[in-house]
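Next up, structure tokens for two forms of one chain, structure 1 and then structure 2.
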Structure 1
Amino acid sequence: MKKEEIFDITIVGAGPVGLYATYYAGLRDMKTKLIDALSYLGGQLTALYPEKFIYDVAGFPKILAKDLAENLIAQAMQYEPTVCLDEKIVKLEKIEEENIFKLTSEKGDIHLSKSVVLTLGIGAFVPRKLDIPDVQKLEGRGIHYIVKDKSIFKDKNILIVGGGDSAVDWALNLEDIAKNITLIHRRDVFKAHEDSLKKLFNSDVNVKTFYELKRVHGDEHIEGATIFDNRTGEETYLEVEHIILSLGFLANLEFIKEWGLEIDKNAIKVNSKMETNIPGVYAAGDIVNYPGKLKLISTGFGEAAIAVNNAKNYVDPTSKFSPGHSSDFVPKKIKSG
């Protein structure tokens, strides 16, 4: 069997939190590996809403998700970590006699590490779908679950289905380029930010509550949609070229239970050191739960720093827990700029 290299720390999940953890591990001079199931870095920022502005990351009055991802990647790559993409980890176990962790991917690749930080976010991204004829057939041909490229909506009629942040934000984000936007939601209670809702109801978006999608029309591409009032059953036909189904994502975290991790509210339970119930395995970001947890990028960054500094101390108990101030360091490998 090939002798696998042993890393000081392996970070599983290359979303914003995993990327920041990777930077921090480099800063702490740890031999670092970063793994992600996707073929690109950035997690939700890149996969789900690259073209949306984020307003609540410290130091940036506003920044496009894709630009934040790009900055995080540049920061994380300074210390030249080993990066493995298209590598979904399906098994985590401890080799007790060697005191190291063995991570196995779906493809059967093995990764060995003295410590592990799990930044799995919401797990693999599986959008919630609707069981309506032809929706699946027209996926990518007018049916969308995420918006990757705003420009395709220019001067088009769009139907958005959903009542969460994602649906409301997309309605507001596309308003300036779309010809017309209708947003339908099956209830009159939205799960979106108050400020976004205020903007939505002051916008030109045609908001229809108690409406649901019944049928989609079109052979090669979406041409229309039939929606219905779920109180009366009354149907309305809308001429639309695009339908965005913003119905949330299903998190499949079942496999984590098999890793022996303690789960709390469909997330990994951690203590104030971001330590899981398995010594040497830490977690941070959307995947964790603890009293007072907020699922935000800004809080995830702090959790990443705590997780990595504790992992450093676990791997090398003689090391200081506190990293000191980065402004006092002379970075070794940072290229110009």
Structure 2
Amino acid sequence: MKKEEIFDITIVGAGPVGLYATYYAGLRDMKTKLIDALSYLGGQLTALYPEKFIYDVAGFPKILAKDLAENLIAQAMQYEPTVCLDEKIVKLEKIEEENIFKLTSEKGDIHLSKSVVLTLGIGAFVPRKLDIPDVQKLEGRGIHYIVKDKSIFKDKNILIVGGGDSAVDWALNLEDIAKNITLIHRRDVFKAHEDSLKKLFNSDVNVKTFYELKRVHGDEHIEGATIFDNRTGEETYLEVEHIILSLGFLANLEFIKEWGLEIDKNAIKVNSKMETNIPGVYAAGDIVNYPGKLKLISTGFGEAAIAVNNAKNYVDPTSKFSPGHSSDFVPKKIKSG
């Protein structure tokens, strides 16, 4: 085996939970490596919705996803972890005789670590798509799954399809920018926070429940959409220049099923210590499942701290599980700047 550098902890996944885990590992004076398959840090915050406001992170009445990512990155980099981007980990195995983990990337690069924390979000996220003629043809030309620049919607007519937090949040975020917004949902029950729904129904957004998208119109760019009432079949034509399909993302965990991890409900099964079934391997965030699991960034932060503290104790059994409050000690090294 090549004598690559061995780290105390390797965190796979550089989204918000992974970034916080990286910070916390530095706080616990662990030699830390952070790996992500993307070419930049921030995960979904930067890849999927950088311009969307987030309302449920402690300490911020509201904050843009890209700003939250920037703050998390600055916090995580204080202890100068080793960062490896464009590295999709495809294999995880334990070298029993040396009690270390060997992580192999798609490129064939080897990473060695005494412990591992998986903060993979929903895995390789792929947007849900509708099997409707011309939708794929017009992707990027008025059909959107991801919004990175809100300015393109200025003074435009927009149709938003979906009934989750993302659809509702985009309707509220774009209300002051767009000329007109229609939001359609196939049911009258939304999977969004109550306060957001209250704001939605008190806004100027045209909300139409029991409606679905039937056809899109346009050659080089979206010009309109036909929607229909799924109770009566009645069709309505809307003049729109943009359609945002907020239908969620499909989790793809195929790449980790061969690692020997126990999977439960399309997520990694963990206990209250964020331990997986493999000693020394922990997980946190949307990738995990346990009784009472709540998929929020804020709960992911707590899970990251639990995972790292247990990893610290696993690597160094003489260390305390709980180091006390961060204000009780002076961090070993903080990068200025």
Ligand SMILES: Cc1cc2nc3c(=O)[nH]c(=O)nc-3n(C[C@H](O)[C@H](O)[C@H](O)COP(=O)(O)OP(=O)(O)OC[C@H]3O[C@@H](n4cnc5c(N)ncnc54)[C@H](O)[C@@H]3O)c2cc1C
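Note that the rigid core is defined as the largest set of C-alphas that superpose within 1.5 Å between two forms. Structure 1's sequence is the ruler for residue numbers, which start at 1. All values derive from a computational prediction rather than experimental measurement.
Only structure 1 is derived from the form predicted in complex with the ligand.
Relative to the superposed core, Asp264 undergoes a C-alpha shift of no less than 2 Å between the two structures. Relative to the superposed core, Leu27 undergoes a C-alpha shift of no less than 2 Å between the two structures.
In the core-superposed comparison between the two structures, the CA atom of Thr318 travels 3.1 Å.
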